[in-house]
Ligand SMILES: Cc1cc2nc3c(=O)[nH]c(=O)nc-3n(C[C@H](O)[C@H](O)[C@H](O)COP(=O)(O)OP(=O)(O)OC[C@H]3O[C@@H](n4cnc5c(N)ncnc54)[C@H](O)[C@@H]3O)c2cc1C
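Here you get one chain, nothing else, as structure tokens; it is the form predicted alone.
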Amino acid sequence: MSGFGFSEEQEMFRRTARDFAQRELAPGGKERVKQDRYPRELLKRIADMGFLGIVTPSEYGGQGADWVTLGIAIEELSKVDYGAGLAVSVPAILSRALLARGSEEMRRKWFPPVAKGEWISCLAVTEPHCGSDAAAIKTTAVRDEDGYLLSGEKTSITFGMIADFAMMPVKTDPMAKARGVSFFLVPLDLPGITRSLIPDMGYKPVTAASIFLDNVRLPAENRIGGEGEGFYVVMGQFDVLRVCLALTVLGVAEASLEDAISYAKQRTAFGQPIARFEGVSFKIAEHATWLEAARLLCYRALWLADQGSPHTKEAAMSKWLAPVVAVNAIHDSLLIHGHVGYSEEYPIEQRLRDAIGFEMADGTAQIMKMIIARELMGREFRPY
């Protein structure tokens, strides 16, 4: 981003992403939402476009682009298929983690197959008893002469049923809190790992799952950073991941509002299009404004990340605001459609269920507000 707006190169990339979404993601989308697996062949086509390695340096098989460009891809793909937006987000978190604390050997091993779509990744932080309190995880990694033995349970893991490996914080020192967490890359085909699907009300192909680990042997070379650094590795990724999720749900809402505008122009009542009635047009105007405000906040956060500037506050603001305005916009878009919007014939009811999940994913609204308040007033005023 140069100045206030996207560069010419970024605008060209936006058009490329939009065309790809319409050409490759839109066909079969209605049927795909009912599947319990995201098609790997579709992920491979997304990878072939370079979307799974956008921020990965070119020497490791990626595009070497900036965070704003990543956001553009997520927003455009999510307008058609939010599973694709999520699929683009997760490898970016791997890139950030490995570039910050990973060894050169790890980068050369893990980056290329992820960028090519050969290895699908997931982020496994949440456990049955803790989500927002990431330092309270109980999954353990016990050191022995051959590496580590991992035991515990992770849950609510996006792409958990189809991923080839998980980025996973676990306790190497159960007596410590945040300083006892280490971060590992865990292949999910290892002996001792089982998975189970979690049926929920949202988009089924992303396959939310629980992952169970029973004395899973893992080599020490799969640890990112040193022992006890894992909590800080995870927290360092959330500042970007939260913005990625915000742009994902905004893409879903933008598509819904576009549908509502089109429908309002065509649907007539009392002899004229309902778009002429202020009860409809004012709602559209309000939601377009809120969505644009949240969108600009997201891109500012990513721009700050590109500058190497602090962006924790802006990321938390994005993650709090975007799901709220998105859910409201999709809800009113459904109401503008009337009963047909409530039916499965239109995609809006699905989008509403999907968007609600973003109000919890990777940080609730309450946690985001705590972070914002802490950044504004200082850590000495935090409640914990």
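Source: prediction; values computed, not measured. Numbers follow the displayed sequence, beginning with 1.
The same protein also has a form predicted in complex with the named molecule, omitted here; what follows describes it.
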- For the named molecule in the predicted bound form, the stretch among 99-107, 279-287, 148-156, 299-307 with residues bearing a heavy atom within 4.5 Å is 148-156
- Can any non-hydrogen atom of M360 be found within 4.5 angstroms of the named molecule in the predicted bound form? yes
- Message: Taking any heavy atom pair closer than or equal to 4.5 Å as contact, tell me whether T194 reaches the named molecule in the predicted bound form.
- Response: no
- Query: Is G131 one of the residues lying within 4.5 Å of the named molecule in the predicted bound form, judged by heavy atom distances?
  - Reply: yes
- Message: Under a 4.5 Å heavy atom criterion, is T364 part of the interface with the named molecule in the predicted bound form?
- Response: yes
- Message: Just to confirm, with a 4.5 Å cut-off on non-hydrogen atoms, which of T126, T140, T312, N222 contacts the named molecule in the predicted bound form?
- Response: T126
